[in-house]
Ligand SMILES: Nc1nc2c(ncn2[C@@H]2O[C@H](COP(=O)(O)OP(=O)(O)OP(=O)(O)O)[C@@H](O)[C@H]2O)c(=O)[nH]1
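In structure tokens, the next block holds one chain alone, the form predicted on its own.
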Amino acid sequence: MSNKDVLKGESRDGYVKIDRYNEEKIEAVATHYKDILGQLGEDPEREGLLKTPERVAKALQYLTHGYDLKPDEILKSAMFEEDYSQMVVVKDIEVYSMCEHHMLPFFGKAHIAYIPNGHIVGLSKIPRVVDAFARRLQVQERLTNEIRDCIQNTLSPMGVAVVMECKHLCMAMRGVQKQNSVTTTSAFTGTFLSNDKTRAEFLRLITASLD
């Protein structure tokens, strides 16, 4: 991080939860957005838009700060040896990301499970891994695979399962304009691939209610 970066936040678990702003990048991106506003037919000098280019530049830096994070290091910061070999499920993890095709948001939930093979991980680290990959320009299919692969390669569990359900504003606000459509993606390794009963148990658990 250069001395031109402005940090707002605190260090937690081996990475910084931040609003991180590089002032040079803010200025460069804001300049482009000022031109874009003019090209769209707006007056970038009117009161309501004077600070909009800077706000957009800061928002984009925050929404893509996952490029500065190392998801495997997030997991390694809280790995523990444990003799536990049953399924661990973290479901209903909120997901917010940006579609790389139109740079419009997509959002929803991720459901993740793994079967430990000598090591477990602090439960909060799994949602943080999701955020580290989601805060980049993405497609849902790749995001699903990246989360799966990170957990598999770092923890070496007996299997990993990831299911993601998201709504895409590039479908709702433009194009086909289908506001109620939901895209579901899945990715599995190990036991979740080879054992139908294990995969079925995971799918049952993520749809079950505790109420």
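Just so we're clear, the structure is a prediction, and the values are computed from it rather than from any experiment. Numbering starts at 1 and follows the sequence shown.
What follows is about the form predicted together with the named molecule, which we do not show.
- No clash is found between the named molecule, overlaid from its position in the model of the complex, and the backbone or C-beta atoms here, as no atom lies within 2.4 Å; the site counts as open.
- Annotated contacts: 25, 58 and 65 are all free of the named molecule in the model of the complex [non-hydrogen atom within 4.5 angstroms].
- When the named molecule is considered in the model of the complex, residue 148 lies well away from it, no heavy atom lying within 4.5 Å.
- The named molecule in the model of the complex comes within 4.5 Å of no heavy atom belonging to residue 89.
- At a distance threshold of 4.5 angstroms between non-hydrogen atoms, residue 30 is out of contact with the named molecule in the model of the complex.
- Contact annotation for residue 70: none of its heavy atoms lies within 4.5 Å of the named molecule in the model of the complex.
- The stretch in contact with the named molecule in the model of the complex, judged by heavy atoms within 4.5 Å, is 172 to 180, chosen from 48 to 56, 33 to 41, 150 to 158, 172 to 180.
- Contact annotation: of the candidates 109, 119, 102, 135, the single residue with a non-hydrogen atom within 4.5 angstroms of the named molecule in the model of the complex is 102.
- Of the residues in 138 to 169, those that come within 4.5 Å of the named molecule in the model of the complex through at least one heavy atom are, in sequence order, 139, 140, 141, 168.
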